[in-house]
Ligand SMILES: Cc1cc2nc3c(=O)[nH]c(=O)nc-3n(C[C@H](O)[C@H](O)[C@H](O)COP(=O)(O)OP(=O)(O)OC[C@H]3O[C@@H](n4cnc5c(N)ncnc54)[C@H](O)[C@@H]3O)c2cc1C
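Shown below, as structure tokens, is a lone chain in the form predicted alone; questions about how it binds or moves come after it.
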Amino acid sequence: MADQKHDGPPATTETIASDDRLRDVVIVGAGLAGASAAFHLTQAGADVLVLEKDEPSSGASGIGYGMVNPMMARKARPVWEVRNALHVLDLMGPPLQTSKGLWRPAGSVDQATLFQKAAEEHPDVGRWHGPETTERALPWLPAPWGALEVIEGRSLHIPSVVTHWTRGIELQSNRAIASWDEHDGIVTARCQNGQLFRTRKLLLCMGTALTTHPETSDLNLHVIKGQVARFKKPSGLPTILPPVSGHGYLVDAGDGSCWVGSTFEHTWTEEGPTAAGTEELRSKAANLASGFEQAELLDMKVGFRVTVPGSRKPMLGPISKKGNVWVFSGLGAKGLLFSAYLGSQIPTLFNKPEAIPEAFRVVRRSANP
């Protein structure tokens, strides 16, 4: 297959020549959802083209590190299809930034009880450690009520994952989608520069752009602003810290700094980083590892994540009456696991949409979908 293709910016005064080749699937968006779908469809033998309006991982997937946390909920109940998702993720081979394993300090006595119960019920996924055991093993981890060791947890650098998953797949940058139409089983997608692409299936993995595009703005999707911060790692901590997840997360970047995330802002007045967000993240860091109260701030980033209100599960399925235009979005905070597993199901679901689990199906806010 051809190497990744990164063309220049879209034409402004002239139209770029259209591509007459009929592809099996054109995917719009090169974040986690689009990259995973491209990987699995290509593995299944499909002729795939990925179009990205900016550059790969330029949206929420470009914010930096992400957590693979199979026991993420407040009660540490395993994520949907967690074992299958972990298996698929391992087969896809994203580059590990650390060895497997992350820690979740309990936030209260009650949560410690919930964590311990979850570990007893799912010993292959989590292991409970009481306060004394945790302090001996991880003296830098504030865990007065103990901590859950999530055995298969890990952190991954998301832009590196996207690059890995799309390696060898044709990818054109600076190709923002404007419109599409279906005729005789073929979808013609038009980019903002006027360029046309023909495909049997059009898969929209456009992130926040779905909430503003005229054809998809009424999908039941919600945008959340997330701010992350990189701090200089305080002295006295281990050379490499394992990932920690609590009311936020902490990831060791391996260069003497740690990334801390994330804020969850449902409304905002500023698109960029804020001082209030920085202080919130500093507080989160101090609750996840000792010494961060006065740590030097090195960098800030902001990403905008799309979620499905109420379900906390992604949205996947056809959005056109003829069934050839699909959407895959709303990965939320479990994006690495959901993208890997659902992406692996797309080659089958394209031919059997009725098999899409009810909780993942497309929902529009309008009365007449």
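This is a predicted model, so every value here is computed, not measured. Quick note: we count residues from 1 along the sequence shown, nothing fancier.
Not on display, but discussed next: the form predicted in complex with this ligand.
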Exercise. From the candidate stretches 175-183, 121-129, 103-111, 142-150, select the single one in contact with this ligand in the predicted complex, where contact means a heavy atom within 4.5 Å.
Key: 175-183
Self-check item: Every residue of Pro70, Val88 and Ala253 near this ligand in the predicted complex, heavy atom within 4.5 Å
Solution: no
Exercise. Find the only residue in Val187, Leu138, Val228, Met92 having a heavy atom within 4.5 Å of this ligand in the predicted complex.
Key: Val228
Quiz prompt | Answer option from Ala333, Leu41, Val308, Val325, heavy atom within 4.5 Å of this ligand in the predicted complex | solution = Ala333
Quiz item: Would Lys313 count as a contact of this ligand in the predicted complex, using a 4.5 angstroms cut-off between non-hydrogen atoms?
Solution: no
Quiz item: For Leu342, is any heavy atom within 4.5 Å of this ligand in the predicted complex, or not?
Solution: no
Practice problem: Answer with yes or no whether Ala60 is in contact with this ligand in the predicted complex, where contact means some heavy atom within 4.5 Å. | Solution: yes
Self-check item: Partner proximity in the predicted complex: Ala37 to this ligand, non-hydrogen atom cutoff 4.5 Å
Solution: no
Quiz item: Judged by heavy atom distances of 4.5 Å or less, which residues of 37-59 approach this ligand in the predicted complex?
Solution: Leu51, Glu52, Lys53, Asp54, Glu55, Ser57, Ser58, Gly59
